[in-house]
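Below sits a lone chain in structure tokens, taken as the form predicted alone.
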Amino acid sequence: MRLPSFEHLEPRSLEEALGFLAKHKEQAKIIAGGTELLVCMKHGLLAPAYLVNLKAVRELDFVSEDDGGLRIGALTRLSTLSETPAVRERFPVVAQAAEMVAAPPLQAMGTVAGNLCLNTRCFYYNQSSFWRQARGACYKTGGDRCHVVKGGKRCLATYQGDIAPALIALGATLRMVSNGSEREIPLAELYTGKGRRPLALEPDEIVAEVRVPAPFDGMAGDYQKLRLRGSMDFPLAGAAAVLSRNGSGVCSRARVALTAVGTGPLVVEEATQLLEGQQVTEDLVAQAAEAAYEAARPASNVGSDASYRRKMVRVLTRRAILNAWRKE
């Protein structure tokens, strides 16, 4: 499979990159690591006229401590993220999730913003154009049907990023910039929950950095991932849990976020309500895991049966909560 024709643009600054995007808008795509974009282009899923390569925009490649929290540049490599002492020591759940992305060679290429901005995936979508010709166009390719659910009224393509649930559980925000303006939003608001258009990102907008607030006292986290192979694969389901314990041994803060069980990352609000203000016991953890099971809505479109993946959400959530609680 060959790449379609495109013009390669290589800005030397963020300002220049934003100028390219403002000029070309929907005709342009951002490329950094390229581990997802180039594959999609070879499959004929995308055919941008311009690729805006951010590799030389060094101002987007950094990890720094800020008021007790972290600032992570969009171009930070996943391998750098997992190896940075400030991340490993103070936000180990982020390093843990980064180490579970694909395999080491891809971690050395893939970027933080690239992993956060992954397109949703589906067995019927992530195929070559030749393969897809045997079926009618689905919702995600501009058609009028879903090949996963007969008679389905919307796209069920699945979000399968690894680091998003860990960062969402930590309360991370994003700094988004466009030509002449910028905004900051909670990371969870980046995801629309719509399989066809999963990101609330404008065509001329760039995710510039991730901001992680200072950790709470007694805070610890854990990320659990289900995949077919112990390396390489996207998650079939994933659960991140971040908990804080006060001096009395009571859970003062709890966040549970899931991945690969819907069209975007899923925050399990019921788990927060169950755990906060309580002594964490096996029974309480089982209830929180059951709440995650009830909230998950996977589809059979990413290489494994939906009912199995949903049952495994219960297992992964229980493990993540218990591990986080025992780490403090």
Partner chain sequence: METLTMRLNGEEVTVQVEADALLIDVLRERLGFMGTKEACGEGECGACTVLLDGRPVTSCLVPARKAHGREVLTVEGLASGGELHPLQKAFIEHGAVQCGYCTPGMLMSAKALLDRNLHPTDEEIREAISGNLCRCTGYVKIVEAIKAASAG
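Source: prediction; values computed, not measured. Residue numbers count along the first chain shown, from 1.
Just so it is clear, the following notes concern the form predicted together with the partner chain, a form of the same protein that is not shown.
- For the partner chain in the predicted bound form, the listed stretch (245 to 253, 225 to 233, 175 to 183, 200 to 208) containing residues with heavy atoms inside 4.5 Å is 225 to 233.
- Using a 4.5 Å cutoff between non-hydrogen atoms, Glu83 counts as a contact of the partner chain in the predicted bound form.
- Not displayed here, the partner chain is kept clear of Gln160 by more than 4.5 Å at the level of heavy atoms in the predicted bound form.
- Of the heavy atoms in Ile31, some are within 4.5 Å of the partner chain in the predicted bound form.
- In the predicted bound form, none of the heavy atoms of Arg297 sits within 4.5 Å of a heavy atom of the partner chain.
- Along 87 to 122, residues Glu99, Ala103, Pro104, Pro105, Leu106, Ala108, Met109 each place a heavy atom within 4.5 Å of the partner chain in the predicted bound form.
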